[in-house]
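Let's start with one chain on its own, the form predicted alone, as structure tokens.
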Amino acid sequence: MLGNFEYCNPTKLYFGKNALGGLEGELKKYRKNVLLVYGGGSIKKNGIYDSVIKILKESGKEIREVSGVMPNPTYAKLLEGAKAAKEFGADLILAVGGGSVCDYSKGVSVAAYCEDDVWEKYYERLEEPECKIIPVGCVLTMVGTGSEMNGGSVITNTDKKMKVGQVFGENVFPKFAILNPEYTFTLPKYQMTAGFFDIMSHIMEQYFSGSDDNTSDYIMEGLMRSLIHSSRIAVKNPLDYEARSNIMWTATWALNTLVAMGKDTDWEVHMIGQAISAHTDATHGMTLAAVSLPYYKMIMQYGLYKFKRFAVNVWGVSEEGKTDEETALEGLNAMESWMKELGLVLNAGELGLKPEMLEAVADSTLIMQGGYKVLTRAGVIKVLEDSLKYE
């Protein structure tokens, strides 16, 4: 049954081949100083940087750049950006890149004028900002995180070996986001497919939780079927606009808070995957892929009805003549076949995880309460061990 909830998403989206045309109008809403944030420089190679700079200059904006935002943004880098934003007096932070750049920019937006210890306040105590917040806008170049339409900000503290996701309230959501599927065409296959599984994992983390028959579940089943269909096309032809546009749209709806309504939500796969990244700096979506099958096979019996439904409604498994457990397991096996088809990493050892690291990774893993089974520390280690055994 659906519980009580409040829902608000203030982000305005511009979607399609001409989406960047919406930037000029958005810029008119803000004063002069724009902090332009991006990653390793790929936007300069594919021409997106030049297009954005042209619009900024024609709009009469003063520009300061923060570049080099890494795939797993660090706390040290966050403090660097916060200092730059405050010194510049940024009126708007414009994130041009993938989810990490968007996550980072939201972190900068609440850190620039924070008078407390930023890590302790936002990433340990998970508090909301009480200081001035700098507005954020996004020009998306990679799909997966849904960060373009939510309040999430995932940051890695390399000293503490912690990778933590804070989910801020609606005041931190991007004010607008530019979504042109063509901007994702030049992404290498490894990053592309990692993003695909990040989308799938976001949906599953919300699907495998809470009540088993509400509107959110039906929406999520449709999103998963759409992703599976389009991902198979995109892997064969990354330039297929229809497939890439459908995937981009699915990614946004997978984590813009809508389908979480009425759900407890799990997120243990993300906690284990983020802990691996904190120790190895591995690609986020691949860490999720490496631990998902061991985790879901471990908890399947505790949410058997939903795993059976997943098999039938998402993967088209026939339940005739099978026990519920057999049907549910066949669904996970179908997902495994799809993951192999995409070329995802299923053994965390390929991501740098070593047997001697398991205790430390378990210590870096936050235990969540929303899934069908609350893991113990020993359970986390078992998931990691099972991933390392995968052949």
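Start at 1 and count along the sequence shown; that's the residue number. No experiment lies behind these values; they were computed from the predicted model shown.
What follows is about the form predicted together with a small molecule, which we do not show.
N33, G81 and K86 each touching the small molecule in the model of the complex (heavy atom, 4.5 Å): The answer is no; none of N33, G81 and K86 reaches the small molecule.
Within 4.5 Å, heavy atoms only, one stretch in 232-240, 293-301, 197-205, 122-130 touches the small molecule in the model of the complex. Which? The contacting stretch here is 197-205.
Is the gap between G169 and the small molecule in the model of the complex 4.5 Å or less for some heavy atom pair? G169 lies outside the contact set for the small molecule.
Close approach of Y183 to the small molecule in the model of the complex, 4.5 Å, heavy atom: Yes, contact at 4.5 Å.
Touches the small molecule in the model of the complex: T327 (any heavy atom, 4.5 Å): Heavy-atom contact with the small molecule at 4.5 Å: absent for T327.
Indicate whether the small molecule has at least one heavy atom within 4.5 Å of a heavy atom of D266 in the model of the complex. Output for D266 is no: heavy atoms all beyond 4.5 Å of the small molecule.
Just one of T141, S209, S109, T250 has a heavy atom within 4.5 angstroms of the small molecule in the model of the complex, so which one? None of the others qualify; the residue that does is T141.
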